[in-house]
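Given as structure tokens, the chain that follows is alone and in the form predicted on its own.
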């Protein structure tokens, strides 16, 4: 809620007698010289039977400056408002000082639960750079929703079932060793899985063996279950190591196998609702809406991804009773989720907002090791580069290892999240490892720089500092940027687009750097001015820290 917008709306409604004006009707002008807020008068034209420029001129004469509004100007059809800088500064900086790490949070979700399905790698497959998008986008959406009043439930729907396990068992029995498996589980399983496919081109009977082993697994064969359990636990151990590095948490690790005993009930419910239709021996749901039928049961009686996802959705709806059910899954699955949501609606089970939070993929990935770029390789390179830069620029830095990890991993996460999630991204080692320009390290450095200023001052910023001392235009611009954080957070959460927050943090860092160049802090003209500027610096530091946390990035105090 923007108190200044509400004050402006109240003024307009009182003078014009208009109804239906809300916060969305008041805009932020592109140039601060045009005002802090602008009201386009087009929407009053029909009621007042006047041209918008005439309405703007009329309202300008009617609305007088007060304790909040310093000046009102009309420009064509727009009515522009200038907020008193001391009121803006005092309200904003006091609030940041009071709320600290909670500044920018709100009660938008009113305690409702939001279940977020994200990351969801496949067991025995490498955790590649391609998995990064769902993982970091989902994590940021998880944090944004907690911050805006929801209770987030993070679900890692691990791919731990399917015919690939029959192939893996055959491959392991043929070429695998438990010693190699213990040493490098993911790499070993991946190598023998690739070898299986190479050999199957020459010996097609291997595919039959794999299907037979998967049937044994489904029937509960002891050896098949032992190997499946071994592959799964070793893979999960590796995945959890990556999640720890990325500082990502899940509330549920229920993978596909968890729903094995729940799919029959789904099929029975679809039958009771008369939603299943026979098609060439298979059972499908005719979903309509220009979509092809959704295959639920194959002609041989086997269930499908759709069956499993219906079981998972029903479990989550009944277990968590969420206000939202989100799936952070790549764009190619759009049709699948349209069908899923439609079937749940036809079953009478669409009891909350459901959203496929789709994203684009990395393009042009190439590496000497093949067409998969391991996430571990990218993280290691980023951390090593950060260590090298620290050694060159700040060799006496304490906690070099921790800072290098925070900066390197932060660069990778920010490099992903700064892009609109719906767009494909060209993979580039140079871009991925860049610490220059609009990057995570740029934002982290702005935070560390402010921490240094506060340390050199020697005292904590005083939340009661006299904000009326802030008279420069750049100071007002910086305060306005800090104030805007709340709306940016709400917009990023509601649109499921963390890049809005990432871009805001870059802009905040740039505005701060301009302020710092123009306005001395430690050598200000007076003690009063120094205190006000130090409080402003601390507010920017807090907002940078809060914003980076929402993106899943650490905020080092020294770099």
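Positions refer to the first chain, counted from 1. Remember, it's a predicted structure, so these values are computed and weren't measured experimentally. In this text, rigid core is short for the largest set of C-alphas that superpose within 1.5 Å between two forms.
The same protein also exists as the form predicted in complex with ligand ARG; that form is not shown, yet it is the one meant from here on.
- Highlighted residues 165, 196 and 213: none comes within 4.5 Å of ligand ARG in the model of the complex, counting any heavy atom.
- This chain is displayed without ligand ARG, yet in the model of the complex the stretch 112-120 from 440-448, 112-120, 187-195, 240-248 comes within 4.5 Å of it by heavy atoms.
- None of the heavy atoms of residue 435 is located within 4.5 Å of ligand ARG in the model of the complex.
- In the model of the complex, residue 329 approaches ligand ARG with a heavy atom inside 4.5 Å.
- The shortest heavy atom separation between residue 362 and ligand ARG in the model of the complex exceeds 4.5 Å.
- Proximity of residue 333 to ligand ARG in the model of the complex falls within the 4.5 Å heavy atom cutoff.
- Listed residues 341, 82, 305, 253 were compared with ligand ARG in the model of the complex; 305 is the one with a heavy atom within 4.5 Å.
- Of the listed positions (350, 480, 131, 91), a single one reaches within 4.5 angstroms of ligand ARG by any non-hydrogen atom in the model of the complex, namely 131.
- Shown here without ligand ARG, the chain has 157, 159 in 155-186 lying with a heavy atom within 4.5 Å of that partner in the model of the complex.
- The two forms, fitted on the rigid core, differ between the shown form and the other one by less than 2 Å at the CA of residue 108.
- Taking the rigid core as fixed, one finds a CA shift for residue 234 smaller than 2 Å between the shown form and the other one.
- Core-superposed comparison between the shown form and the other one: the Cα of residue 304 travels 2 Å or more.
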